[in-house]
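The chain below stands alone and is given in structure tokens; this is the form predicted alone.
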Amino acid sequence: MRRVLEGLLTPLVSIIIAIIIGMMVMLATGHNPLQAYAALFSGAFGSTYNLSNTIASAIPLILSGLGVAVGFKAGQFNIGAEGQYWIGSMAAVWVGYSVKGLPPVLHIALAIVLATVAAGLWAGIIPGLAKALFGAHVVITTMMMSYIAIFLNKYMVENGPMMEKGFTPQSPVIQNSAMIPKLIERTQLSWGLFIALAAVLVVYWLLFKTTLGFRLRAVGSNTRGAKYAGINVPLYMVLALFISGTLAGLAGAVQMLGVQQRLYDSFTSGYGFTAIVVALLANNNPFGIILSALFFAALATGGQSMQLVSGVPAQLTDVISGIIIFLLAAKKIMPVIRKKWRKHLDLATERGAQ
């Protein structure tokens, strides 16, 4: 119980400190922080429409965050969720507009399955095998593969095979049978919300209730110990990245089928990169990721309202996110500093005794 409370306390304190620093920045620039934060809250949660769009923005963050968390739990620092998101998006949209004649349930299921498998292979084959066989750094390989995926998406809709006829760089709209229905009409919120919540339950069960999850966590906690215990460490490294990629790809599929319904010529969605912070803030806990994703989604959707009402630039929400990252990183640094300080004091005590 104590560990659970400590796990909740650190993210909460980080958020509070970040909000306070944001208030100080507003005061220093001549803005009213109470008015600004009230506008931000209203823009994110102040009406059914705003709340629905905030939850809709949280859905890809939940799914991508789960993918990052699985990788982190297994010691594989997958920071390429953005690229895996786009691979899943491309696969889902291609199935969505090119396959015809299927009933909605089968069409949506086919698009989601192919999207998740494609994204999982994107993460598992090159980064996973490079790590397992040659010891390549996962941060480098997943980041490089991410940019390849982003520019592949750009090529696909700019005079590429997925470009719709005309001059606008975009894909055709997916078939009606591939669209995930809206949960609330005239908003962005779709039934993809239940896919995200189901994914949270599955990931929690996988990580903490199965042998596979135990072995993934064992590899992440102590690679040498896991190897000594007879666990096939290279295999579970690849599996961790594959599962991580499937969840990021699922985020792309749900977003395309439920919200965008076609590919656009956009350089980046930002969901995959924000998912890293979402997972860190939640301490890689699947249920904590729901709250963390809602928090960052609220910053994004409420930021524009804050700018319109109070005049505070919406980019201040990025400052708050950056402060949270810094504080979470500081939490990891402090034990190292304390350990070195104690060692220094012990040495000084020994010298004094001599």
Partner chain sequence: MFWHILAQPELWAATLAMATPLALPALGGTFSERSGVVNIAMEGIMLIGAFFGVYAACLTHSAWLGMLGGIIMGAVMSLIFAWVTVSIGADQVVVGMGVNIFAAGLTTFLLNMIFGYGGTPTSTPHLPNIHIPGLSQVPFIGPVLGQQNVVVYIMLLAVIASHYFLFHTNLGLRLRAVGENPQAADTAGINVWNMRYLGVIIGGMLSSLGGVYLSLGLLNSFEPNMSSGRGYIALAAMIFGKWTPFGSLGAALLFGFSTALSMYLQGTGNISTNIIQMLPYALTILALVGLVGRSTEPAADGIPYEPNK
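Residue numbers count along the first chain shown, from 1. Keep in mind that this is a model prediction, so the values were computed, not measured. Note that the rigid core is defined as the largest set of C-alphas that superpose within 1.5 Å between two forms.
Beyond what is shown, the protein has a form predicted together with its partner chain; the following relates to that form.
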property: Sole residue of Ile195, Val95, Ile79, Val259 within 4.5 Å of its partner chain in the predicted bound form, by heavy atom; result: Ile79
property: Contact residue in the predicted bound form, from Leu189, Val203, Val238, Met145 (heavy atom within 4.5 Å of its partner chain); result: Met145
property: Site check Ala39, Tyr49 and Ile55: each within 4.5 Å of its partner chain in the predicted bound form by heavy atom; result: no
property: Stretch from 95-103, 248-256, 177-185, 274-282 whose residues place a heavy atom within 4.5 Å of its partner chain in the predicted bound form; result: 274-282
property: Non-hydrogen atom contact Val25 with its partner chain in the predicted bound form at 4.5 angstroms; result: yes
property: 4.5 Å heavy atom contact, Pro33 and its partner chain in the predicted bound form; result: no
property: Ile325, heavy atom within 4.5 angstroms of its partner chain in the predicted bound form; result: yes
property: Any non-hydrogen atom of Tyr155 within 4.5 angstroms of its partner chain in the predicted bound form; result: yes
property: In the predicted bound form, residues of 130-154 near its partner chain [heavy atom within 4.5 Å]; result: Ala130, Leu133, Phe134, Gly135, Ala136, His137, Val139, Ile140, Thr141, Met143, Met144, Met145, Tyr147, Ile148, Phe151, Leu152, Lys154
property: C-alpha of Thr29 off by 2 Å or more between this form and the one not shown on rigid core; result: yes
property: Cα displacement of Val312 between this form and the one not shown reaching 2 Å, rigid core superposed; result: yes
